[in-house]
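Single chain ahead, written as structure tokens, the form predicted on its own.
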């Protein structure tokens, strides 16, 4: 199974950074592997609590925070909604339509030149994976009817 291999690889990264694999960490990382990206802490809690009802939302948040500190998990704000989480091995950028709310994932290299320009001109290190770029998707920018459910 691809998801099992991905989970074991991620757990190996956690161990390699000197952290123990607790039940909560395994459950949260498994939920991220199975559920994919763009999951809120509440989404993750719902998945985790199906098999581990004793793992509370506060534990999910603490686990996500500790996994972010060691660069296993990252979060992004897609517009005005809650933060969503994904594994750092799943790197991509987000373009969010401010009209219909659709999210388009783009390769990490999308903002490479911007990062180079900002570093060169201002000494500024851009963290592109932490934010979404707002604009209008192809459908909404042409005036067509946006999809009902993005």
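Because the structure is a prediction, the values reported are computed rather than measured. Positions refer to the first chain, counted from 1.
Below, we refer to the form predicted in complex with the DNA, which is not included among the displayed structures.
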* Picking from 86-94, 23-31, 119-127, 101-109, which part of the chain touches the DNA in the predicted complex when contact means heavy atoms within 4.5 Å? -> 23-31
* Contact test in the predicted complex: residue 56 vs the DNA, heavy atoms, 4.5 Å -> yes
* Asked: Is residue 138 close to the DNA in the predicted complex, meaning a heavy atom pair under 4.5 Å apart or at it?
  -> no
* Asked: Taking heavy atoms only, is residue 50 within 4.5 angstroms of the DNA in the predicted complex?
  -> no
* Heavy atoms within 4.5 Å of the DNA in the predicted complex: does residue 36 have any? -> no
* Asked: Within 81-100, which residues come within 4.5 Å of the DNA in the predicted complex, counting heavy atoms only?
  -> 81, 82, 83
